[in-house]
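Just the one chain here, the form predicted on its own, laid out as structure tokens.
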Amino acid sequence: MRMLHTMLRVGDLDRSIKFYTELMGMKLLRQKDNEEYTYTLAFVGYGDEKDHTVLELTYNWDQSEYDLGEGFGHIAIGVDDIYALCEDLEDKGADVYRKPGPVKGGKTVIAFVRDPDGYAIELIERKESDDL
């Protein structure tokens, strides 16, 4: 078994696709409208779905925002140079609300950014020798 995808409901599909592709460096893998049930699915990720876990962005045509609730925590993405990425994200208008730095009580360097719908994304600086 393996993880296939995580689904996020989004209020503006184009805005979310732009964020995940242009700012976070993912690729739009596929997109499909369901006219009968009035929603669109877009799958984005860093590699093909047959080999990688991806994000499913679900856009319900009649809803532009959601209450994120307290149950969902965050998505985590491993990055090579967290300081350069966060600077680039901020230059492009992203909300890096936890600046890069060591996690409390540890050495791993992390940061947090919000996507356009307010979902939290933890950025974790990865080294080749790091275990997942």
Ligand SMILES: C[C@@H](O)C(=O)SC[C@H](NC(=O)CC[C@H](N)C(=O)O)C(=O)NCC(=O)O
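Start at 1 with the first residue shown and count on from there. Computed from a predicted structure; not experimentally measured.
Absent from the display: the form predicted in complex with the ligand. The rest refers to it.
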Whether 39, 43 and 58 jointly form a contact site for the ligand in the predicted bound form is the question; each needs a heavy atom within 4.5 Å. yes
Residue contact check: residue 126 to the ligand in the predicted bound form, 4.5 Å heavy atom: no
Considering only heavy atoms, tell me if residue 9 and the ligand come within 4.5 Å of each other in the predicted bound form. yes
Candidate stretches 85-93, 72-80, 101-109, 58-66, one within 4.5 Å of the ligand in the predicted bound form by heavy atom: 58-66
